[in-house]
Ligand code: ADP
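In the block that follows, a single chain appears as structure tokens, in the form predicted on its own.
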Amino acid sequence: MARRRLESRGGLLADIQTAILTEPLDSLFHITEELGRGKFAVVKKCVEKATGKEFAAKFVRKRRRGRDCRADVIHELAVLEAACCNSRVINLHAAYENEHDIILLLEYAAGGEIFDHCVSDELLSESQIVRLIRQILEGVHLLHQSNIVHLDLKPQNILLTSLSPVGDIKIVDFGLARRLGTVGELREIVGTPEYVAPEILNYEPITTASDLWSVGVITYMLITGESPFAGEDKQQTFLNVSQVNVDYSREAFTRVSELAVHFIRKLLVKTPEDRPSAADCLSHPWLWQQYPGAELSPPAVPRVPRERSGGAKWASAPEDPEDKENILDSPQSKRSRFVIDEAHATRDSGV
């Protein structure tokens, strides 16, 4: 069947090809453990009875706070369809619907989140980080070629196909993704405080550069094990982002090359037009350095937590899986309704 044209309403994709099935999921699959839970979604591992294949089933509520949100779930399904040829995006296998939920049957990523490597006592080696960032950029580049921006790139939304050895990345959770260029400028305050770009906080036009800011934050966290912008509270975090308050001290980057620092500096700049595109990033020399013996699984590097001036811990506090709202009320956000991160449930799964 030929793919139908995906139409957009304010950046939301509305047209899908995937047939939404109504058979009870447990008639076809053994539903086993719960993999993750968010405010409006839960992800469960399931095994197909006929084949023994493993999947991740993301149950997304159709009604949220008394509002019909079926169109929002269809949007996420449509984005996954649009990215079906992108090997760095989680695969959609099928969709089901029951009285309360639409269920996205997704590829199972057994390696969990790269966030686990950011907060681990042993950080990944530079060569391993380079490989993961290169793959993230490959996925982001293909999304941007389709004029799709993710808008919630963060270590919790990047999964791994295997844990040991560290597998390939899969980008997940497209509930906040938007399609650019269909109806004028796109302005929304969306994202997660520590990873959101300054122009989004300022209610300025969203572009593909907004995702590249988030890639810079992810890179910083993988290298240092610490968040560059996390403050004592959300207001302090917003201030750190708006002022691009980043620690580039020698202490923070003792274990990596100067090229790694240069790469991050190119992305964490306030003006979106000054950030390189994903394609430009892929030609950065840091991503093509040779690391002798890298194929032999380089040893992990012990993590040494530090304190930011003023006493605030840099290491971000663990997320409450029951409180997955994005940007909350702040002085910068009065001009826009808030988009709630309604379907985050990514831990150790194919969400």
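One rule holds for the numbers: they count along the sequence shown, beginning at 1. A quick note: this is a predicted structure, and the numbers were derived from the prediction, not measured.
Keep in mind that the form predicted together with this ligand is missing from the display, and what follows is about it.
Not displayed here, this ligand is approached by Q156 to within 4.5 Å at the level of heavy atoms in the model of the complex.
Though the partner is left out of this view, I169 does not reach within 4.5 Å of this ligand in the model of the complex, counting heavy atoms only. Interface membership of A278, defined by any non-hydrogen atom within 4.5 Å of this ligand in the model of the complex, is ruled out. Contact check for Y108: a heavy atom falls within 4.5 Å of this ligand in the model of the complex. Exactly one listed residue, out of E126, D72, E113, E226, brings a non-hydrogen atom to within 4.5 Å of this ligand in the model of the complex: E113.
Annotated contacts: G38, A41 and A56 all touch this ligand in the model of the complex [non-hydrogen atom within 4.5 angstroms].
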